[in-house]
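This text opens with one protein chain seen in two forms, each one given by itself as structure tokens under the names structure 1 and structure 2.
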Structure 1
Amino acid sequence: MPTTDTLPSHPAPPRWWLIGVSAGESAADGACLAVPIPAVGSVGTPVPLTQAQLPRFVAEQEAQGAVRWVWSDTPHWARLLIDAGIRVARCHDLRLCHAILASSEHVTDPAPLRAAAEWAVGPALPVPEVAPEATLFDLGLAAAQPDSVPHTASAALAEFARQRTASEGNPGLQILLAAESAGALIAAEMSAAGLPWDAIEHDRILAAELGPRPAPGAKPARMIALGEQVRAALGDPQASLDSPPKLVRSLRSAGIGVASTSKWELMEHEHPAIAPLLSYKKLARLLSANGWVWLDEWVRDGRYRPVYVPGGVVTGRWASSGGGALQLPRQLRPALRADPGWRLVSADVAQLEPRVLAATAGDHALAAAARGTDLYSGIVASGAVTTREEAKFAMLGAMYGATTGEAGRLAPRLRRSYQAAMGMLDRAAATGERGGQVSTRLGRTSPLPSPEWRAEQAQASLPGASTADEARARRASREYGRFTRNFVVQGTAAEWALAWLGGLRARLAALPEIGPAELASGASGRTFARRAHLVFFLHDEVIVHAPETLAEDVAAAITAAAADAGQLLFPGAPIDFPLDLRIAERSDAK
């Protein structure tokens, strides 16, 4: 399979226009400048505009052919245009691109970018997150929200010049910047259009799970009944089920030796209180995260409009800063309902990260196991393991750095069968254990370990270091190695997903609008009322809201965009990215 050096050359850029606030003005004043930026040479004459004039100006430029808009942050500028019914084809988000370039090890001289600290999204620290598999974990990076006030045009021009210099001659980084910026447009558009949501169905689901809607401040009937069961089983009528420290004390008093109230730890114990307590905790999560208060706050006029944060996780995955779009529980999926005459076209990728691992590592054996079939079944057919469950557990364990239990036992089998893939993961882990950095396929680079991490390593190296110091340093080293091991896979998978999204958005824009005599989706807003549009994205899954007459065309566009993304990142690689496609009025996806 090709290496990063064989990535296709970035196509010649379209015309560039920079949009920024006029000097001496603020975003609230409404005065802005549109500045033409040639491929070479000095910038052209700025065009002064009011924010009321901006949409018409942008529409005129879009009508003249390919153009890319450069601006400080997409949520501000794109929303102005979307609300006016204008959809742009391309942009360059200076804040998101700054975050990539300032930390990329592929930038020869990042010092000018790092000195422009006003363009940084904000400080953040890696925080472990428990993965669905109890023995695995991911290391995320919660991104601070960008400043909502755009920079002046002159400051934006200076930053764009720094970014052009930093990415010059690196097609991988240039593709990544374009994909990240396209993701920002998609996030803004999805928030504006909203996800079609059936509030009545949502209320029905809540009532079925929790009981009738209680009075404000009161608990639902089913939670009250479960709470009584737990307290009776514990022999503690005053047990507080909503305070973890107090609950731990009550559990210990009943002879249940736990250190926390986590689901995984509670499931290790047999006691009459455990089953109702787990049920209570599940309902409590549903109530707090997506209960009636959430429904009142986030669903309006048949639409759920969350706030997405592209690049909100250090690997490049998205996060959300409002509405919890990336944590929607499965039982609420039936509330996703298309408008009359429309359909939800959804798709998710089968085993995205293992397939990305095979392509990135150039592992022909793993690619062969995945080609045209379920990857885990292919691993079984290759003789590496005996069951699909073993294959899934072993592969996830390898990517997330599990060294004990069943995943640890199966790891040697994967190493024998898929030497290139396992070798790439092991090298990435070793780099992290030394405090080094690793990069994704296109050039997103992992952060350096924290100063506290380095202090621990230094303390363990001193002549008088204790056994505890050495053990603590080894543990921290292994943990960071597990982070870098997964970074190269999860980060590259996020890049594939961005390429998929960007390609799909372009293909949807090429589909016809429905005519005035047909049923428009008015709740989606002026920009998307008559055309198929993305309404949901979660790591390896997309949902498009489409006129019923175009649903099959949308399904074909989703499939074609996935194939394009594979060829963009892994040209010529013998790996496929099969999709589970569905066309329905309601979503019942994962």
Structure 2
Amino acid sequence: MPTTDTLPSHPAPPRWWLIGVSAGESAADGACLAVPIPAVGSVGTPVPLTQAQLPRFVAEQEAQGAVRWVWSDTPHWARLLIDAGIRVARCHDLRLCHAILASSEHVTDPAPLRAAAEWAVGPALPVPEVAPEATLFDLGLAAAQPDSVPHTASAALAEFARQRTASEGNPGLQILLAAESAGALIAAEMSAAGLPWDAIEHDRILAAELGPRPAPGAKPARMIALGEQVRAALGDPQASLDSPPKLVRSLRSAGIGVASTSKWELMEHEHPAIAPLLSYKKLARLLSANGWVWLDEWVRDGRYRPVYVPGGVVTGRWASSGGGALQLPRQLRPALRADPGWRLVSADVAQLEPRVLAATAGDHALAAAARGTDLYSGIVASGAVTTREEAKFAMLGAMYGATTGEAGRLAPRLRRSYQAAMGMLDRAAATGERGGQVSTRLGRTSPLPSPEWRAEQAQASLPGASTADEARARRASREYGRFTRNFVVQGTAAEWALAWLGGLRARLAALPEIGPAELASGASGRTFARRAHLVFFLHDEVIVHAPETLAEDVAAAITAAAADAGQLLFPGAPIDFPLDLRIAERSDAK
């Protein structure tokens, strides 16, 4: 396998340029300003540009060496560049970075950032501090969020200055801001490129499960047949299977004592109606979530284009909006298919979160268990538990705060073997139970609990509090502790994944473009038709669409980027992040 061990390092520190809308009186529609920022606190002479001139200007600057583009909102600005075929190496997304800094407990004076509430737009809103003297009027103002951040150059310059001050002297935060911004670029590029999708294979999978595509509004044949079986077994020809409340009533009249229609509960009962009902529910889910309607709406010209929302989850994970990109059922994986002459290079990290836990906590015993490729087998080998399944369940339970059941029973054994890791989790939980904040490795900070949560805790500690008040408050307290316990692991894992993605993007950019002869027929108009590019990212998994001739190089780049990410977050730590790598025409269902 060819190696890509070293990246061309930046010959000079990146230059900073800010791009914004020109707000001058004489500014025509679409007039922009590019403002050089030669040093902290200084601003060079702005360059006026039309929107049409912008891509070329950006490309010229990129050609002269590393630039970091500062802008209000990546989807807004990157789209112009991507459509013009221009790739930027780095950016600084003011909206996303504002969200991180305004709520970070590592920023000494967040007040100027919090006062600039016009930048607090989007899903990763910091929970506003509610001062005791705040009036309802103040709260109303704080709650009224604008639809988008300001795009003017002057507003962006002011916000950038606040952010520089806030992150000064904190290299962790600076890495996080860079990684978050790289993620925003990648999300925009992945939406533009699309995930190569074989609609015919998708239809084949649907037809095999559901029967041929029915007329609009009609139920597929297999669902009709299963529905009849269920109704016959229940002895209730009118039973509705699509409304949980009605279905519960039908099941109870047939003597099946369920309180809900969840499959876990259904599976506990022996009745001839159960098996066909579970099959029916599975098919109904497939049809409504990823059926023919989804295919028509989301797949065009052989590409599925989901909308990713970087920073959409408080822990730093991405969310998605529309198309359900983060919930694609494994069943449909075979519909992911490379273009002719291309390959899908897929990689996922084996047990990312426990590895991150071992590295963050500096737990040598857990790091030793992770030494091989399978951390859970390593835990078994250490003698803490007896089977791999037990190890997995106990570890997930420890990170999620399980107290009962099998995971709760196994917890003490992990606690003995991995004191540092479990101690870190317990401290994070204790902080959350008190209503405090915790932070990830690089400094993303958990939100404060809501004012209602605080009121509930305060109520329970009053002299006249009822036992019910106390029990409710304790439950809410434990719940928040489970959240902060998980936050430190999930959030740091999300940072590792962002660093991996960002590093991979840089390495892919260093790979050659393919020549016109290798272009797939009909592909010349596509974005990224000539180079290996990211097409999918899901928490601990990436898929790169690559020309066949470059597939091995891409695999090496993915591996090297994973090693880089580990060193960036945990320099010198004795932990690695092994990958499951596959090069194939189709993504397999695993």
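One-based numbering along structure 1's sequence throughout. Under this definition, the rigid core comprises the largest set of C-alpha atoms superposing within 1.5 Å between the forms. Remember, predicted model here, so these are calculated numbers, not experimental data.
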Original post:
Between the first and the second structure, which is the form predicted alone?
Top reply: 1
Subject >> Threshold 2 Å Cα movement between the two structures at Thr403, rigid core reference >> reply: no
Subject >> Flag for Gly522, CA shift 2 Å or larger between the two structures after aligning core >> reply: yes
**OP:** Spell out whether the Cα of Arg252 moves at least 2 Å between the two structures when the two forms are superposed on their rigid core.
**Re:** yes
